[in-house]
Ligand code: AMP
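Just the one chain here, the form predicted alone, laid out as structure tokens.
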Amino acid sequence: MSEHAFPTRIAYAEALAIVRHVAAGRRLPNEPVPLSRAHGRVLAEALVAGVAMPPFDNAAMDGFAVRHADLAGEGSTVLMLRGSQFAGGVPAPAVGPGECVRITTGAPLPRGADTVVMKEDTLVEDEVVRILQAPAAGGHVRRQGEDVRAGDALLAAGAVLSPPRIALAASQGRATLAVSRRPTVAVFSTGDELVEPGATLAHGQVYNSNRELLMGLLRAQGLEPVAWPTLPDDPPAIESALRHAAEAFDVILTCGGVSAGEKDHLPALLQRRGHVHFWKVRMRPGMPVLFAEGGSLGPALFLCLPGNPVSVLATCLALARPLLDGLQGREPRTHWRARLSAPWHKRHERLEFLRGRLSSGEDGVLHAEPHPADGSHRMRGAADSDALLVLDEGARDYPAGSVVEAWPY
């Protein structure tokens, strides 16, 4: 490759800032979707309450709506039953002095009543109700607007629509929501040595595990990636396939072919045809990662990941996930912090994404057990783990009990 005109061997924090900046400038358009299809999507416009919740004073219990001023000592209050108020039913008569109305949970509080007596605290004989235990004034009543007032900001743009958030929108009568369009993603593996699972291995060949790893990680983000055929170690074939994909997809993720070896053709191609934002990041594993815009190849964004499987895992979570989140304007993800359950000696200067398993004890503290198999080719160690543990730049010892950031897969 010729002299670099882009950052190389940069810190992870700088690479992440570049990815987020580019993604913010390429925000995907909004689209309306029905609530049934909005689960897991990213809200594009803030949700503001149009109605109060509850929309009216209503009963929190089955029982009798009364005037609290009519209640005397336990067992000494007798009220006349004037009718019934059911949820969704016609309005009951107003409650006057010495009167009550039978009421069910969620039913509007009748005019004149201010308290509900639980059914279990009464005796009913014909049209006479004896109060055995009087509640406090306003007892068992849900007040209009006590949960949501009209005009309240309920959800901010960027919120991920979980089932409770969808239910909140439904409670406001919203049948559709504006969400960010999901990015389309093409997934490529590269290398003549790759063979599909199920085939017979010849000398020097390995099974293509990176494709399923990436496809699974992307599906876990609610995306629908498309796996393309494996790219051979042939520059014209690579360029042709990537040009076709770059015209049709928002993001192209590649695995392998991005280092500085004889068969690593992607850096030269993207430097010649695209616009490289950075190549090589001071992180372990995953240092050779490259981020570029397609340029003459097409409008897609390219994130080219190293070929070692654990490098694919780390760079996908550390850079691909923020890129895809940024394109949708997604709210920042929460990263956990955990205490190492065993010491770790970090021997190098790069930021490290260690594999580990999270657990919590009776003390409620989150613990992370680092996996000793830390090589970027050792996928079994990653499979035995459930999180990446982030160790800061710089060689140092991490005693047991040290607090580190933990990213669940």
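Note that residue numbering follows the sequence shown and begins at 1. Just so it is clear, the model here is predicted, and its values are computed rather than measured.
If you look for the form predicted in complex with the ligand, you will not find it shown, but the lines that follow are about it.
S.K.: Although the ligand is absent from this view, report whether Phe86 comes within 4.5 Å of it in the model of the complex, heavy atoms only.
M.R.: Answer no; every heavy atom of Phe86 is more than 4.5 Å from the ligand in the model of the complex.
S.K.: Would Glu193 show up as a contact with the ligand in the model of the complex if we use heavy atoms at 4.5 Å?
M.R.: Yes, contact at 4.5 Å.
S.K.: In the model of the complex, does Val206 have a heavy atom within 4.5 Å of the ligand?
M.R.: Output for Val206 is yes: heavy atoms within 4.5 Å of the ligand.
S.K.: Is the gap between Ser189 and the ligand in the model of the complex 4.5 Å or less for some heavy atom pair?
M.R.: Ser189: yes, in contact with the ligand in the model of the complex.
S.K.: Where, among 257 to 265, 323 to 331, 88 to 96, 151 to 159, do residues come within 4.5 Å of the ligand in the model of the complex by heavy atom distance?
M.R.: Flagged stretch: 257 to 265.
S.K.: Name the residue from Pro135, Gly294, Gly145, Pro309 that puts a heavy atom within 4.5 Å of the ligand in the model of the complex.
M.R.: The option sitting close enough to the partner is Pro309.
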